[in-house]
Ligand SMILES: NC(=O)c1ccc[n+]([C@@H]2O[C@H](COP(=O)([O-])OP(=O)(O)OC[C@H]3O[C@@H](n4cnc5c(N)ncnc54)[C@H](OP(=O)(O)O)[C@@H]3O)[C@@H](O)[C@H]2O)c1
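Shown here is one chain on its own, the form predicted on its own, set out as structure tokens.
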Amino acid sequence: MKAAVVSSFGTTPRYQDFTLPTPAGNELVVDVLAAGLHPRVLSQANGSHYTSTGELPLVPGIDGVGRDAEGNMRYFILPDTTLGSMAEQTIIDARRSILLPPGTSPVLVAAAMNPAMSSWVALRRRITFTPGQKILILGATGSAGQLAVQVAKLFDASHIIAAGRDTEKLEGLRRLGATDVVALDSDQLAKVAADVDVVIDYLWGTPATAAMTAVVTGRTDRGKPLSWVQIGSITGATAQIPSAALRACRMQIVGSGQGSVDTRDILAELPLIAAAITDGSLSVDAEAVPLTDVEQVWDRALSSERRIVITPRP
């Protein structure tokens, strides 16, 4: 079969032949219909993700939509494997997949499920979030951040504060549900976000440290619980956390991602996320690209305004 194949970390995957292993146990062979080119896939392919084993060659791709031998369309999440979803076929564990109803768009699900899952699962499985609470989203202008705004609206947050660097994109988030927008380096951050209940952090690094200092400093009720949920590290793998921030207010810092949430808990949320994507409650701008063009599209994935989806089959 044909696949996108990484033979050396730091190089672009090549469109070439790859041998499909023999499935075993609960495994199924599926024809891949769509696979999202997420930032997580890029880190998988360059060997920088914390789950990387360094094993090569590998086919990138961590999830996707495929069709099984019975004709069922499935959204699937792959384990850490060298056989990812950017291939004409892949092997999935049926227990790590959900059936999708007829008429579901494979491209939209492949584009939106992974980035939407990050904030959805964080709010549903990592903390206790209740309708009416206030949320600050750091890194709100990226695909995951934009979906986090929509997820917060869907979960009936009373205030949704979107923070980022691109002021033009920030203003556009108002139509997705943001009640306030603020630049990361603005003096207004401390005022606008002082009394939030939850921070969804896709940034980490120096911006997270600055935002944490601003939020804690501006807090009017230091005894009000604050949940800081660390999801991404776009601006740095480490952050200097002021000890005073942890002592000066009732704050908990938790992570949400692969390993911190049980796979069964993630799977339980997937049908609800898929339904929200299908009915338009969650939307993402997707660009479908044939597998044959994976080499040409790979390097622009991070800078693209649209979530790129690889489509191995017409």
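Note that the coordinates shown come from a computational prediction; the quantities given were computed from them, not determined experimentally. Residue numbers here begin at 1 and follow the sequence given.
FYI, the form predicted in complex with this ligand isn't displayed, but the following is about it.
- Looking in the predicted complex, is this ligand within 4.5 angstroms of a heavy atom from every one of 184, 203 and 235? Yes: each residue has a heavy atom within 4.5 Å of the partner.
- May I ask you to choose, among 271, 47, 257, 57, the residue with a heavy atom within 4.5 Å of this ligand in the predicted complex? So the residue touching this ligand in the predicted complex, by this definition, is 257.
- Contacting member of 227, 133, 143, 150, with respect to this ligand in the predicted complex [4.5 Å, heavy atom]: The residue in contact is 143.
- Per-stretch contact check against this ligand in the predicted complex, the hit in 75 to 83, 188 to 196, 161 to 169, 237 to 245 (non-hydrogen atom, 4.5 angstroms): Of the stretches listed, the one contacting the partner is 161 to 169.
- residue 97, heavy atom within 4.5 angstroms of this ligand in the predicted complex: Heavy-atom contact with this ligand at 4.5 Å: absent for residue 97.
- Item | 4.5 Å heavy atom contact, residue 109 and this ligand in the predicted complex | Looking in the predicted complex, residue contacts with this ligand do not include residue 109, since no heavy atom lies within 4.5 Å.
- Give a yes/no on whether residue 231 approaches this ligand to within 4.5 Å in the predicted complex, heavy atoms considered. Because a heavy atom of residue 231 falls inside 4.5 Å of this ligand in the predicted complex, the answer is yes.
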